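A single chain, nothing else alongside it, follows as structure tokens in the form predicted on its own.
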Amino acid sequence: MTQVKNIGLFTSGGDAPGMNAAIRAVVRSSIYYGLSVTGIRRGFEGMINGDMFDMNIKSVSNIIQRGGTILKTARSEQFRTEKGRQAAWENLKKNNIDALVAIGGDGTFTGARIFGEEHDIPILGLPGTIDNDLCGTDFTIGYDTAINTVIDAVDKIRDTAESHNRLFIVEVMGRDSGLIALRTGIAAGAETIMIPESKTDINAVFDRLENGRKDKTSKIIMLAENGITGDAFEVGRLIKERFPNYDTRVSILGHIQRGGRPTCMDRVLASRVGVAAVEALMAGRRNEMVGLIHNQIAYTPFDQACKHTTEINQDFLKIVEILAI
């Protein structure tokens, strides 16, 4: 077993609040244990282009509260090719990097697994995605901040909806996973929630609006982007055709959900898994994602830390039905 001396650290895929807290944890715990850290800018693309620099304690000062990622992030088509991965490997050797910590989601871990197998380098992954759609951890870095951002926005939308007796369709991120829409829909008191996992039929939405309370001065429908029925504007059009008396409006929250200061929960989660990743590399672990299950550190092989797109807590859907009366 090769002793780890210099950890290459990078973020990849979509940014998520708390990534900087994770970067800070990896850097400072590495230094605590006498290891060196090399920052890699723009993920796999930066690895291919040799965009790397030495990191120290000051490199991560005053970043725990910042959204985004100081290491930047990008998607890399070059890394999908054997030639691109070979170029990345040559740059790692040039910089004496003998282990990697990757912060990202499913696509990041897929690339890391292939790279680790091809070049026999130990890699640990940290789950950084607002969608909370990875197996092997109860929560991902960025999810708690994202849902709190959504709640803050929907509470404000509710104020204007009540003032004008309007029905708002609020579209949130979650192309393949409806967890953001599901949790925020419950917390915001939505009349109905449309997510890909439950395959909500537009007729079920019509039924809820037809048979629901008529005296409510506002109504909220939460929709995960690219839902089964269509986007928020299409759903709005169908509702307007069926219920022309409703003053129907659409609000798409978009990338506002990715930004902002990470919550305490995301900062603590990122700190815990960041330290655990360094300790795991020192203990000889490789090609695994570090997560938190039942509040305990857990390790999941990359090939199992994949997106889950069908597992939805049915109790949550029942809660929506009960509380929407």
Ligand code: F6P
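These figures come from a predicted structure and were not determined experimentally. All residue numbers refer to positions in the sequence shown, first residue = 1.
If you look for the form predicted in complex with the ligand, you will not find it shown, but the lines that follow are about it.
For the candidate set R208, R175, R249, K240, a heavy atom within 4.5 Å of the ligand in the model of the complex is found for exactly one residue, namely R175. Think of it this way: in the model of the complex, the ligand has a heavy atom of just one of E225, E197, E191, D144 within 4.5 Å, and the residue is E225. Of the heavy atoms in R75, some are within 4.5 Å of the ligand in the model of the complex. Taking the partner from the other structure, the ligand in the model of the complex has no heavy atom within 4.5 Å of any heavy atom of T140. Contact between H255 and the ligand in the model of the complex is found at the 4.5 Å heavy atom cutoff. Contact check for A181: no non-hydrogen atom falls within 4.5 Å of the ligand in the model of the complex.
Contact with the ligand, judged by heavy atoms within 4.5 Å in the model of the complex, is confined among 149-157, 167-175, 119-127, 83-91 to 167-175.
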